[in-house]
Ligand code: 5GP
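One chain is shown next in structure tokens, namely the form predicted on its own.
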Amino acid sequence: MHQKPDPDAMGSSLALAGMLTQLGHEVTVISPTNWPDFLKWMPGAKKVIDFEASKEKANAALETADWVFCLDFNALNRTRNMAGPLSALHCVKILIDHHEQPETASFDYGISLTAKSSTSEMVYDFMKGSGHEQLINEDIAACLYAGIIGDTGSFRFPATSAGVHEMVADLKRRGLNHTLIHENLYDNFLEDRLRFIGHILLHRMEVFYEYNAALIAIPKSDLVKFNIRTGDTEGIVNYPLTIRGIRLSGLVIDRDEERKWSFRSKGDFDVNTFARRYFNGGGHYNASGGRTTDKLQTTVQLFKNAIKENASQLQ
């Protein structure tokens, strides 16, 4: 899965692992980095290897693998320090992903279907298409559902097709407890996070009504002050889109080694192209990310310049 995995990355990986294990395969799930506490409830999560924390163990699994399934990323650099070891492998690499512009030369088989809501939906399709849908038990259903609601914004985003709802109905018939999963994902934080959100919305958000855009820029001092952990900033980029008329929201977080960007949009403003053009990133049409080693003030000014250059599209 990609670095700093979200519900779709973790959910699709654990679901696929659950199916392959039932088929008699020896399966190892590896995350390039650590993951948020709100994903640790997922069935199988305790066995996931953190590459950065256990490189020797992770590399041993990679070096003896016959197949490597690459889920929810389509370019090796999305795996951070795992990119080198993955590139050096001679085993079969299989891509299952839904992001734009895949790095096809890095994979032997597979596909990146941008019309799909999530990689979890694709794993579900894979299970059914391969004739193994009877292996979808309650644990696999829980992982798939978590991935679906994570990447569809709880069924809000345009990629939520009729097929997605049909899939969820099938998972419900298999014993899915959807209420518990929502609680595990969205009602599972510490008090510090709620106070942090209040602070940044009050002090770190700028709204540019003339460009129908908004920006939240979070300095590292805020992360330290509120004891922010991995996953605590998940979803914050969506808040400005609740303001009437705002079509583009940008969130930048000051990390030690880089400044990490997230972008969300409404309607026909393409943040995948926006992120690729200005911020070394990419993703989906209405949801993307980027990163830079520029200082926080420098990259914030780049965003402000970029929305001016795209004023006609934003208006």
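One rule holds for the numbers: they count along the sequence shown, beginning at 1. Here the structure is a predicted model, which is why all the values come from computation and not from measurement.
Keep in mind that the form predicted together with this ligand is not shown, yet the notes after this line are about it.
Check: Is it the case that 34, 193 and 229 all touch this ligand in the predicted complex, with a non-hydrogen atom of each within 4.5 angstroms?
Finding: Negative, none of the three is within 4.5 Å.
Note to self: Using a 4.5 angstroms cut-off on non-hydrogen atoms, would residue 116 count as touching this ligand in the predicted complex?
What the structure shows: Flag for residue 116 set to no.
Checklist line | 4.5 Å heavy atom contact, residue 247 and this ligand in the predicted complex | finding: Heavy-atom contact with this ligand at 4.5 Å: absent for residue 247.
Check: If you check in the predicted complex, is residue 42 within 4.5 Å of this ligand, heavy atoms only?
Finding: Taking the distances in the predicted complex, the answer for residue 42 is no, it never comes within 4.5 Å of this ligand.
Check: Is residue 280 a contact residue for this ligand in the predicted complex, using a 4.5 Å heavy atom cut-off?
Finding: Within the cut-off, so yes.
Checklist line | Stretch from 43-51, 57-65, 282-290, 25-33 whose residues place a heavy atom within 4.5 Å of this ligand in the predicted complex | finding: In short, 282-290.
Item checked: Contact residue in the predicted complex, from 212, 79, 74, 160 (heavy atom within 4.5 Å of this ligand) -> That would be 74.
Notebook entry, point to check: Within 245-260, which residues have a heavy atom closer than or equal to 4.5 Å from this ligand in the predicted complex?
Noted result: Residue within 4.5 Å: 260, and no other.
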